[in-house]
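Shown next as structure tokens: one chain only, the form predicted alone.
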Amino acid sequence: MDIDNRIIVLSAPSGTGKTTIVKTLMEKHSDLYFSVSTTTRKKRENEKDGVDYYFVSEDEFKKMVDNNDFIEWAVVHSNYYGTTKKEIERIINKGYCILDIDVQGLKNLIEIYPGLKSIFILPPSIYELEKRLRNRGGMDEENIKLRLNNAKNEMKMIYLYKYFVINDNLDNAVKRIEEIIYEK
């Protein structure tokens, strides 16, 4: 199988349900592997280093950039996020590699893997997205506004993606993404 077809990029505005979708897909399919991103973002209470993200300081991240360790990286919501070459190599020979990256990261990956499958997950509405962000907790009003503004800008870039899925029903969204991943 072509390596490009085994790379699945999922992008979505914060609060769209992307993490839940990825976890559901991973529980259902033993040939799907999640590419753990490296970030300078603070760890949330329920997150584990090396499982949800590799959490590093900004200085450590910048050293990794200088060492050319990343296949892609970007600044999102005032934090650094990146995918290391080592992480892709860890996964690619075992099965499908699912990457949770933003629009900036997709642009970089398309240059390396032009045949990758890119899927943009949309919320049912901006109103629903705001509701989800508020229910998530742990964010002040300024952060919620920043994420909503970023979401509007990210959705303007949907044309870069081969597919889009509206997450108004988790089961339906997961089913559609499975169809995209396993299409022949």
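Start at 1 with the first residue shown and count on from there. Predicted, not measured: the structure shown is a model, and the values here were computed from it.
The same protein also has a form predicted in complex with a small molecule, omitted here; what follows describes it.
- Heavy atoms of R176 never reach within 4.5 Å of the small molecule in the predicted bound form, leaving it off the interface.
- Under a 4.5 angstroms non-hydrogen atom cutoff, the small molecule in the predicted bound form has L170 among its neighbouring residues.
- Although the partner is absent here, E128 sits close enough that one of its heavy atoms falls within 4.5 Å of the small molecule in the predicted bound form.
- Not displayed here, the small molecule is kept clear of H29 by more than 4.5 Å at the level of heavy atoms in the predicted bound form.
- Of the candidates K43, K63, K145, R136, R136 is the one whose heavy atoms come within 4.5 Å of the small molecule in the predicted bound form; the others do not.
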